[in-house]
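Shown next as structure tokens: one chain only, the form predicted alone.
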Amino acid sequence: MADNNVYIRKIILSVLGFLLLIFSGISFYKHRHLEEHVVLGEGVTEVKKLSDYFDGVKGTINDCNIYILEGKEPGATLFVMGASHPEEPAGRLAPWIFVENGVMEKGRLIVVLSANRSGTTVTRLGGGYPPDYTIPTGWGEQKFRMGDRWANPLDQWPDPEVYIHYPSRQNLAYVDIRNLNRAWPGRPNGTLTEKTCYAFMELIRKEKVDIFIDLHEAELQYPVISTIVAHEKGHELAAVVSMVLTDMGEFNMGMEYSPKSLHGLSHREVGDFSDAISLLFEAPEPFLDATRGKTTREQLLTGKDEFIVKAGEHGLLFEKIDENGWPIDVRVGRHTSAVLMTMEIWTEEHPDMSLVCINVPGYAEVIENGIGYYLKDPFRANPERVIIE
């Protein structure tokens, strides 16, 4: 009788394990293959693929869309990159607003929404991240993939014991071999992540990009937060943008120098290996903090967390937080305003190479109206102007 009970328990546990495997597998599949619709705004004049610049990424999951907004009048070229770290959604939603709304009157804007597309198809192992999140709009809800800091292991594996960065030979954490913002400037015969960075470097060089901006979010316990990290070629530009944004009372924006001895990061290597000014913008994201509570969709979007507030009371944070948190609208608004201000300051200093963009909301407008106000309904749009991201 006892043997029968043991046998029955084993069968039940096996069935439960099999059901868990099925349901989790379905969830992982849906996440990896979730279709995100992008409605091309009137300002988008061309959509290319990353493989147009380096065929080494052709056919891979990282062969992402390249959106080009060409102004009626000539000027400089600005490249705005989103989802270098897909677990930082404001860095992806802000450029999304530019693609669906922006119109360049002078100069050219190049936008990427999924720089590390592989990283958008997985969440952090053991992190309890939600697989996706939704933004309310006037026409319903738009769902976006939640991602991870690193590329999906399904696309690049195994990790080495030690990651040796190319070409500096600097030793980095082994997992950062899948971190797009630790693999610049990349190499054509490297890993998928290195090939992706190399392809972006080819884009920057072939399109003669003048300014490169990499959009990020950071945990409040990380000292590089609410700031612009600037390559030495962009110190003056970043300093003025920082001062104007802060003095205008929109929000506090610091400015830091890109360390010359820290390799693999976009703000260092793009500036070193191309003619472009290289900048990286950081906004606060409590969702990433180690002292956070449950990693829910609500916490991701509201930026509210009592545990992080308590950490702030004990002086453990590098950015302020209160019961209002850091809502996604605030974080996205910081990025849109910072990009627009960069264009404005650049144009003042280089009137013969202007960058003028209209129809993109700044900080106050995004907070007042919400992100969803600026997202277009793909089911009512011209099908020829809808792209799957």
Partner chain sequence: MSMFTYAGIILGVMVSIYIIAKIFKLSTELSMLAAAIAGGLAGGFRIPARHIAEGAMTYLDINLIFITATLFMNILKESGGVAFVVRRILKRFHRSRTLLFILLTLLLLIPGALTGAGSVTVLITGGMVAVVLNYMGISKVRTTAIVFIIAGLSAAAPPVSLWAMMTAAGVNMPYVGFFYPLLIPCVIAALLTIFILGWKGTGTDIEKAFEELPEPPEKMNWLRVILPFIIFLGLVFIGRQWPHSTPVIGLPLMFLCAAVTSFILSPVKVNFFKISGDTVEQLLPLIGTLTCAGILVQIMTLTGVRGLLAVSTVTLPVIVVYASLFFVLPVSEAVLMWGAAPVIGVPLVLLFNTIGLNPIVALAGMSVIWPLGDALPPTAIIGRLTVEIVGYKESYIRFLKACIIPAIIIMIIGTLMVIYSSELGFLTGL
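Computed from a predicted model, the values in this text were never measured in an experiment. Positions refer to the first chain, counted from 1. We call the rigid core whatever largest set of C-alpha positions still superposes within 1.5 Å between the two forms.
Keep in mind the form predicted in complex with its partner chain is missing from the figure; the text below concerns it.
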*At the 4.5 Å heavy atom threshold, is T291 in contact with its partner chain in the model of the complex?*
yes
*Can you check whether Y198 is within 4.5 Å of its partner chain in the model of the complex, heavy atom basis?*
no
_Just checking whether R169 would be counted as a contact of its partner chain in the model of the complex - the rule being heavy atoms within 4.5 angstroms._
yes
*Give a yes or no for H350: in the model of the complex, does one of its heavy atoms lie within 4.5 Å of a heavy atom belonging to its partner chain?*
no
*Check each of T137, T295, T302, T246 and return the one that places a heavy atom within 4.5 angstroms of its partner chain in the model of the complex.*
T295
_Triple contact flag I68, D210 and K320 to its partner chain in the model of the complex, non-hydrogen atom at 4.5 angstroms_ = no
_Within 4.5 angstroms, counting heavy atoms, which one of the listed stretches 218-226, 71-79, 137-145, 270-278 is next to its partner chain in the model of the complex?_
218-226
*Pull the contact list for 151-186: residues with a heavy atom within 4.5 Å of its partner chain in the model of the complex, in sequence order.*
W157, P158, D159, P160, E161, V162, I164, H165, Y166, R169, Q170, N171, L172, A173, Y174, D176, I177, R182
*With both forms fit on the core, is the shift of the CA atom of K10 between the shown form and the other one 2 Å or larger?*
yes
